[in-house]
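In the form predicted alone, a lone chain appears below as structure tokens.
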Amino acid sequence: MDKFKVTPWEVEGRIDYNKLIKDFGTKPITQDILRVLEKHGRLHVMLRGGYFFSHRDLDLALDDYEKGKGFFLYTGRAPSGAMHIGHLLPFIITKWFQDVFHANVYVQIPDEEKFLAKRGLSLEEIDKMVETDILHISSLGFDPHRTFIFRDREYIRHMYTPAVKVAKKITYSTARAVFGFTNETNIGIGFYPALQIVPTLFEKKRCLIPAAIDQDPYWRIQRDIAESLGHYKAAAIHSKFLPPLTGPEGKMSSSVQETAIYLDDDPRTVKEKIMKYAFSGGGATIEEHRKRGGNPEVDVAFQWLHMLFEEDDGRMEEIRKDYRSGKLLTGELKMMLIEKLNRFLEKHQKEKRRAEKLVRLYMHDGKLAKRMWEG
């Protein structure tokens, strides 16, 4: 078995997600849970395709909803470079949960984390990234009166008191064990986990967090201390890592262009990247592919279609069968992805241009934003 590494700071190797569930102590998202979700609305393709695969207490959050207590949602984005398609996915599933369960959504923009954790990024550079990232998030069409987007450095006076209460309950030994902090860790990033936990305490309901599974350590600490602070243990639903264009190992990176499709890429760039870099599970030649078929499990175009873009499950199975048999060629599969990706990005970029008027609603003027600022 190939070795892999998953922490909040690094993701390396080809991930064994079944082993990760066991190592992290989470639970798989079962067909029973999917059936409960489906009672309330058509399952999102990322749930049907298995992109979201693991959870903590999702069943309890759904029980709370059935009992009339409800739950609220929390996710976020730490700016560190241009947003790519993988960055957007937690927000898309969060919007699905908001639409289906009429839940409040809190989006944290930790505009200090990457400054503290990474060398070479100034606060001024991060602030420019933040403005663009918030536009991308705002373009998804969250309910403006049930959504609060906030920047840590702007909202800190409201967060600091609960952060102090959280921080007092986290020992250095716990932080070192969970996050791998060393003696060289600066005290800013050492305090940051307390700020990341604070939004889980914004309401006296259970918090449900859609995020990639590398963020799970934060919620493990939250679950250890939440009840002593008079709150619920956070529930979480974990995604896999969207395979980078270059193959099934690791995750997409903003800093390595050949691994990523950026949200502002134009149609020509998308086509060139997919055709040049998207890792193929097909044969070395057309003749070999026709004879032996392709392997959809490692083919990036197939995986992206399956996890994210092909809404018709029956059609997806046809594509799988045709690719395995050699009937469908790698180039044809890539063109399917290119068409769907460009359609998605065209719509997203159009909504982004319209999103500026929504930003103040999400951050200051909407009902939830006003309630948060007024305390």
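Heads up: residue numbers just count along the shown sequence, starting at 1. From a predicted model like this one, the values you see are computed outputs, not experimental measurements.
In what follows, reference is made to the form predicted together with tryptophanyl-5'AMP (TYM), a form of this protein that is not presented.
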(request) Identify whether tryptophanyl-5'AMP (TYM) in the predicted complex is within 4.5 Å of every residue in the set Gly86, Trp219 and Phe241, based on non-hydrogen atoms. (result) yes
(request) Among 154 to 162, 294 to 302, 75 to 83, 225 to 233, mark the stretch whose residues have heavy atoms within 4.5 Å of tryptophanyl-5'AMP (TYM) in the predicted complex. (result) 75 to 83
(message) Although the partner isn't part of this model, could you tell me whether Tyr51 comes within 4.5 Å of tryptophanyl-5'AMP (TYM) in the predicted complex, counting any heavy atom of the residue?
(response) yes
(request) Report whether the minimum heavy atom distance between Thr185 and tryptophanyl-5'AMP (TYM) in the predicted complex is within 4.5 Å. (result) no
(request) Using a 4.5 Å heavy atom cut-off, state whether Ala211 contacts tryptophanyl-5'AMP (TYM) in the predicted complex. (result) yes
(request) Would you check, heavy atoms only and a 4.5 Å threshold, whether Lys169 touches tryptophanyl-5'AMP (TYM) in the predicted complex? (result) no
(request) Would you kindly say which of Thr269, Thr132, Ser280, Gln215 lies with a heavy atom within 4.5 Å of tryptophanyl-5'AMP (TYM) in the predicted complex? (result) Gln215
(request) Using heavy atoms only and a 4.5 Å cut-off, determine which of Lys273, His145, Lys205, Lys114 is in contact with tryptophanyl-5'AMP (TYM) in the predicted complex. (result) Lys114
(request) Note that tryptophanyl-5'AMP (TYM) is not shown here; using its position in the predicted complex, name the residues of 160 to 195 with a heavy atom within 4.5 Å of it, in sequence order. (result) Tyr192
